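In structure tokens, one chain follows: the form predicted on its own.
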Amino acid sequence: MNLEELTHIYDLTGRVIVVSGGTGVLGSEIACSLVGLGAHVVILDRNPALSETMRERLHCDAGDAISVYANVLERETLEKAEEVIRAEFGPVDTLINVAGGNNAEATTNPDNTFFDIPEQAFRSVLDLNTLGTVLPCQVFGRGMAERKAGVILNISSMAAMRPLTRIPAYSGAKAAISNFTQWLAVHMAQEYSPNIRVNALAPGFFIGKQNRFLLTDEKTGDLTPRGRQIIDHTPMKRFGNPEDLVGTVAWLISDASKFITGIVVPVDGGFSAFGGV
């Protein structure tokens, strides 16, 4: 394979890519990077008014981006978003499901034992992460099935591979995402087309709004005991930076991985490989 051919298989120019949760820490990095690679990027969010910083990051000469209102837990809003996207850019080539998260009330601690977790809190985490991935796959995957081509990339977690203490709902939900990714990969390839691929990323520990002060001290910036425990079990001895995801995302949604479907790729600094000794 020569340089031109190698460059071509990674080319995302003109690709119509939908990113749910595209204004979060990880989603925004993915969205902005894909615009820089020449794609037409659509950010789905319940608040489609992008911040000035986000708009500046999305502005470049390669691709372009729009933000469209949608709630990943409401099918009708997703269907309306699909109509808007089709009118603006044409059919969706790629779906990246980044929307997700935890609920503090579904996290165990001395004041909130497992036996005291409210049912609604547990359910909200399951719904946001699991149903919030399934519904976009149904809405945007339908068009891929009709065209017999497309790519879906889900976001799983280290918590799916090794259930983490304190977060039973989130760990269970992300385990469901890994399983669903494999199921959907087989289903789409067998029932519709082998040219529809479904894979997932399993990020390690990245600092975001929800976990920043669980991992670092709010006043000093030093690691908390939990943060230190994570670093001690991460061979690369650091948390992930959002840009660490971009290369793997680009690979999995490009033709460079056209014979890959049904896998969950760790991006974790070696956390999943380390046995603790």
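Each form is matched to the other, and the largest set of C-alpha atoms that superpose within 1.5 Å is called the rigid core. Quick caveat: nothing in here was measured; it's all calculated off a predicted structure. Don't overthink the numbering: it's just position in the shown sequence, from 1.
Another form exists, predicted together with a small molecule; not displayed. Remarks below refer to it.
Only one of 189, 84, 145, 73 comes within 4.5 Å of the small molecule in the predicted complex by heavy atoms, so just point that one out. Of the listed residues, the single hit is 73.
Specify the contacting stretch among 85 to 93, 151 to 159, 181 to 189, 112 to 120, defined as having any heavy atom within 4.5 Å of the small molecule in the predicted complex. Contact-bearing stretch, as computed: 151 to 159.
Could you tell me if residue 141 has a non-hydrogen atom within 4.5 Å of the small molecule in the predicted complex? Output for residue 141 is no: heavy atoms all beyond 4.5 Å of the small molecule.
Though only this chain appears here, would residue 228 touch the small molecule in the predicted complex if you measure heavy atom gaps against 4.5 Å? No.
Applying a 4.5 Å heavy atom distance criterion, does residue 249 contact the small molecule in the predicted complex? No, no contact at 4.5 Å.
So, in the predicted complex, is residue 261 in contact with the small molecule at a 4.5 angstroms heavy atom limit? Output for residue 261 is no: heavy atoms all beyond 4.5 Å of the small molecule.
By the 2 angstroms cut-off, has the C-alpha of residue 48 moved between the shown form and the other one once the rigid core is superposed? Shift at residue 48: 2 Å or more after core fit.
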